[in-house]
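The form predicted on its own is given below as one chain in structure tokens.
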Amino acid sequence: MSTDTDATARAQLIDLAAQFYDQFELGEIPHMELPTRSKTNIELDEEANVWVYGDRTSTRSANSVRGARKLLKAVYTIEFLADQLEQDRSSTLRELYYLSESWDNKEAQFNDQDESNQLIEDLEIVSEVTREDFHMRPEESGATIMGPLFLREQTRRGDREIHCQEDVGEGGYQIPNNPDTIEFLSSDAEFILCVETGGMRDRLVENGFDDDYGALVVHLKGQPARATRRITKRLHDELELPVTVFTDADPWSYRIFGSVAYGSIKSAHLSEYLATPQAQFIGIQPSDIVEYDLPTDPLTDSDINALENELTDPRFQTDYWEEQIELQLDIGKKAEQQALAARGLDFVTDTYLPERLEEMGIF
């Protein structure tokens, strides 16, 4: 069923295509201006406390063969998206890449999926419409929620009401591609616990952590999808729930936290929509490795390089992070969440997390 949002998104896309036409009419070379998407063009929005693109821009222009091809691909993609919205259909990012193979102009076809993914991001930025409102979906992320939350979800078969403990199996409630179609009806939750790995998520559920502590356990499935970050932000903002992020002790996991809390370079144009700057890190700390004598693996050269880069990453410019990263570089070790099992299967839910939550003032 087509909505007002669909009509607005379609109008924005058509307006964008019309701008190219107007440039032709004025005798200008067609072009599209975009923020430079690099670490050096990320800055803190002090009001929203999230990382956004700065003032540096780059221009996609038809004054070169390469630039002309990019704009041609943009026009074909805009036409496809506008038709998709008019027909109330949807497609995945992967399908868009393959669909371009059928376009009548070979120059408009994508070379690889990275190229088509980036173009969708470009169109989000210049049209100020999210890909979810374009009806574009990623491949299934499988991220889930388990906990005391009652919600209503809009589906093609009508609305349905779901309790994220009573009406779901052990796997939990699967987060839809567009969480803005969800209405939160009621909740007895005390806080949100975003968990990196499936093994730890299963341990928490099996031990009844969601019941015992009123936790909404959000399984991030590694680097979280946009839908996961969006629903986390909505749960925080609308239900006023504290957000904690529970990950491994390695540089890649710290970036998972940074993505939830402050946003990422790739989606900095959506940081205010996706990021939750109030999120707190409750993951395994380098200091925990020392204190609990956890089983570890040695840092690789790639790990060391990533940690050193994080020391200059604006998302980690605090005394806490500098102290923990310097300690990790000093001991040369990393540890997984499941390493806590060395102290017993119940240690994480009976001791580790309750103590950390108390230190944070959640309880």
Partner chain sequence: MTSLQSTLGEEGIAEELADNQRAISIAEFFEKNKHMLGFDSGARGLVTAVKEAVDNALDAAEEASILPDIYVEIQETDDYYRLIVEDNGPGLTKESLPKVFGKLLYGSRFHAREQSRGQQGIGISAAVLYAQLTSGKPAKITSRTQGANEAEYFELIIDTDENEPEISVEETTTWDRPHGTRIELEMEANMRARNQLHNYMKHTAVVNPHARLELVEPDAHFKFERATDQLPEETEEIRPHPHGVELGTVIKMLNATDSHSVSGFLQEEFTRVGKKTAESIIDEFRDRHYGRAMRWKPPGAHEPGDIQATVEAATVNKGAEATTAFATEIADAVSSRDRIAHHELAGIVENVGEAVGDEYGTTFGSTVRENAIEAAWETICGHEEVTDQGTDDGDGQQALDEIGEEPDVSRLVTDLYGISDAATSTRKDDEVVHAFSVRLAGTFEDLEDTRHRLTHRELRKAIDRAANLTEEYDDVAFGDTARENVTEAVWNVMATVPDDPPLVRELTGDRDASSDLVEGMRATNIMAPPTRCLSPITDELVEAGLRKEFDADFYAAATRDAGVSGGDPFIVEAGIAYGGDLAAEGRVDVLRFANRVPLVYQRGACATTDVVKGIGWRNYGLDQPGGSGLPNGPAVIMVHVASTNVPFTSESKDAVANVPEIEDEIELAIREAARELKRYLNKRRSMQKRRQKQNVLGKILPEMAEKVAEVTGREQPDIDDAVARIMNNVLVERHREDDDSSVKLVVENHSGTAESLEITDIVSAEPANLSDGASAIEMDGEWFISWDVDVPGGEEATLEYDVPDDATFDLDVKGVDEEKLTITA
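Throughout, rigid core stands for the largest set of C-alpha atoms superposing within 1.5 Å between the two forms. Keep in mind that what you see is a predicted model, and the values were worked out from it rather than measured. Positions refer to the first chain, counted from 1.
Another form exists, predicted together with its partner chain; not displayed. Remarks below refer to it.
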**Study point:** Three-residue site 206, 209 and 280 fully in contact with its partner chain in the predicted bound form at 4.5 Å by heavy atom
**Key:** no
Review point. Out of 221 to 229, 193 to 201, 162 to 170, 74 to 82, where are the residues with a heavy atom within 4.5 Å of its partner chain in the predicted bound form?
Key: 74 to 82
Practice item. Note which of 308, 28, 43, 323 lies within 4.5 Å of its partner chain in the predicted bound form, where distance is taken over heavy atoms; exactly one does. Key: 28
Review point. Heavy atom within 4.5 Å of its partner chain in the predicted bound form: which of 300, 318, 59, 63?
Key: 63
Exercise for review: Give a yes/no on whether residue 20 approaches its partner chain to within 4.5 Å in the predicted bound form, heavy atoms considered.
Suggested key: yes
Review point. Might residue 68 be said to contact its partner chain in the predicted bound form, defining contact as any heavy atom within 4.5 Å?
Key: yes
Check your understanding: Counting only non-hydrogen atoms and a 4.5 angstroms cut-off, does residue 114 reach its partner chain in the predicted bound form?
Key -> no
Check your understanding: Using 4.5 Å between non-hydrogen atoms, is residue 14 touching its partner chain in the predicted bound form?
Key -> yes
Review point. 2 Å or more on the CA of residue 64 between the shown form and the other one, with the rigid core superposed, yes or no?
Key: yes
Exercise for review: Verify the C-alpha shift of residue 105 between the shown form and the other one: is it 2 Å or more after superposing the core?
Suggested key: yes
**Study point:** Yes/no, residue 12 Cα shift of 2 Å or more between the shown form and the other one with rigid core fixed
**Key:** yes
